[in-house]
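Starting off, we have a lone chain in the form predicted on its own, written out as structure tokens.
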Amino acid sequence: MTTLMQSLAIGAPEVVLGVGAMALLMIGVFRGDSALRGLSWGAVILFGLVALNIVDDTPDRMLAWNNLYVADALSAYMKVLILVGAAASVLLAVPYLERVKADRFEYPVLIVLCTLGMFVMVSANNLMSLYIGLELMSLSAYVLAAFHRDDQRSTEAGLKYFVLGALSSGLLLYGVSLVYGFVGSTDFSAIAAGLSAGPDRNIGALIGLVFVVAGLAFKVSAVPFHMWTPDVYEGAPTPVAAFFATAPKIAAMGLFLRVALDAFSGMVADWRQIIIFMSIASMVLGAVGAIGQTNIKRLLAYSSINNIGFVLIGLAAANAAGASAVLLYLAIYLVMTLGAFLCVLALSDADGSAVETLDNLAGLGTSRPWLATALSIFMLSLAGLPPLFGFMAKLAVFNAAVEANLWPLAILGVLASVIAAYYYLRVVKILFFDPPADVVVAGQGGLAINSAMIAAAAIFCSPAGFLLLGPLGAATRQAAGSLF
């Protein structure tokens, strides 16, 4: 049993984030909305300090808060990815919020609180701490979705997200109660041990697991719990959509790994069927649904659904190679998606209004060749075309499926990749080969930091990214090893 001081030391990242969020909030209250830029950089510095603490101190496995919290290589890896996504989402939002007159100091504070919830999620060692982290993340996310309150689309997106999110939370909580009722504990290790007690207990726990999986599937926008994604991505402010597509999704997927491979490791044959169905459905619907889209944010929403289908292939493998492939995929997906949304943020017309329609991007390869090239790299990398780095993400999950003798799933994944390549290539064709629409105005990119992030993300997704494959592979194998 850890003491209070030991628990505070082990949970230092969460403690620092919580204290930092309160400090930023108080500064914002006294300074007002004029403090947005300062608070945004303060949040980024806070994320950097927490990241350094995590990287410098990666424990083998340490429990805290009466075993409700676990710090291990998996949580450390996921937290670093979450911090990257959160920091980028704070920085890229500043010029956008100022341009649309929604520059309020609460934005970086909400991002920090949402990040705190995600940290609790990926370090959850109990269904109770899982739920607390999930709700802390969700409550902040609902406000972020409706952050531009003067815009009808943003308000509608926030309301849709809240209603459907409340439904998913109810399903998850009902599943938690069923698992507790049949197993007698909410602790992950106790659940894993209790599932071997008898078939009646396993059947009851399986019903609870179905509800838990449904709740988590909503957070990662896996089919059939994807219905909120296109509308929320289109209606929410673009920086918020970029945030939703990256950090929360990565956190929920990390939690998915821990619940499936830790708490319910004795029921792989049961939950694997559910995961395979969601994987195939997400790959197919994400690929087919994006074909008819005319709004690039909706297209990226279907792209995220499609990519989650590929990530679930690695989870369905239910082995160390599969978990490692999932973690590698998430790291590459984070950069590809952030880069794509950064490019969308850099698009504006002569009035300064955002340009989101695909047809309005025609001829961008002539007027803004560097931006069009970067966007093409992100699209082709999301499609998984070699020699771009996104190819390695899909290759890793396909190899894991083959190793687990899930040949049909790997083959379906390849076919879904071919279908999805159509709409990614269509974007490239519009950028470089369609007659110019002359809608996007050059030089409307906002802060120089956004341009720097686009360049860094493009280099990462290019063949140069393969230079990072060694350290990334070592980190993912170490993180996955903490589950086995």
Partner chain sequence: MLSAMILLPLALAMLVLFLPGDEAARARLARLIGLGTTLVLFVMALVLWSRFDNATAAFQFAERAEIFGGLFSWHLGIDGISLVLILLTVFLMPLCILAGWDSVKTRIPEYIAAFLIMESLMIGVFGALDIFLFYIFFEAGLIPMYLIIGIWGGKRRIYASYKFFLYTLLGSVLMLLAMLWMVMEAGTTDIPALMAHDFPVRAQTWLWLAFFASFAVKMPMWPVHTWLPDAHVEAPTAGSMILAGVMLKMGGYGFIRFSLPMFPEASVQLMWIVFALSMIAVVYTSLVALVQQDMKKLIAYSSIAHMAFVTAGMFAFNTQGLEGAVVVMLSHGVVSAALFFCVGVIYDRLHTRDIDRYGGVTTNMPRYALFFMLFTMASIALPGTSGFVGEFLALTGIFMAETWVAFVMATGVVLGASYMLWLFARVMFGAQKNADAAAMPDLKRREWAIMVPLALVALWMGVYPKPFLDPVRAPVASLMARLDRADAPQTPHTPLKAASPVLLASVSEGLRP
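A quick note: this is a predicted structure, and the numbers were derived from the prediction, not measured. Residue numbers count along the first chain shown, from 1.
The discussion below concerns the form predicted in complex with its partner chain, not included here.
Engineer: Using the partner position in the model of the complex, report whether residue 366 sits within 4.5 Å of its partner chain, counting heavy atoms only.
Structural biologist: Yes, residue 366 sits close enough to its partner chain in the model of the complex that at least one of its heavy atoms falls within 4.5 Å.
Engineer: Using 4.5 Å between non-hydrogen atoms, is residue 40 touching its partner chain in the model of the complex?
Structural biologist: Contact check for residue 40: no, nothing within 4.5 Å of its partner chain in the model of the complex.
Engineer: Report yes if any heavy atom of residue 422 sits within 4.5 Å of a heavy atom of its partner chain in the model of the complex; otherwise report no.
Structural biologist: Answer yes; at least one heavy atom of residue 422 falls within 4.5 Å of its partner chain in the model of the complex.
Engineer: Under a 4.5 Å heavy atom criterion, is residue 414 part of the interface with its partner chain in the model of the complex?
Structural biologist: Close contact exists here: in the model of the complex, residue 414 approaches its partner chain to within 4.5 Å, heavy atoms only.
Engineer: Decide yes or no: are 450, 453 and 484 jointly within 4.5 Å of its partner chain in the model of the complex, with each residue judged by its heavy atoms?
Structural biologist: Not one of the three qualifies.
Engineer: Only one of 126 to 134, 182 to 190, 88 to 96, 366 to 374 gets a heavy atom within 4.5 Å of its partner chain in the model of the complex; which is it?
Structural biologist: Careful reading of the contacts points to 366 to 374.
Engineer: Can you pick out, from 256, 211, 218, 398, the residue that has a heavy atom within 4.5 Å of its partner chain in the model of the complex?
Structural biologist: The residue from 256, 211, 218, 398 that makes the contact is 398.
Engineer: Which of 159, 178, 385, 80 has a heavy atom within 4.5 Å of its partner chain in the model of the complex?
Structural biologist: Contact residue from the list: 385.
Engineer: If you apply a 4.5 angstroms heavy atom cut-off, which residues in 451 to 469 are near its partner chain in the model of the complex?
Structural biologist: Sequence-ordered list: 466, 467, 469.
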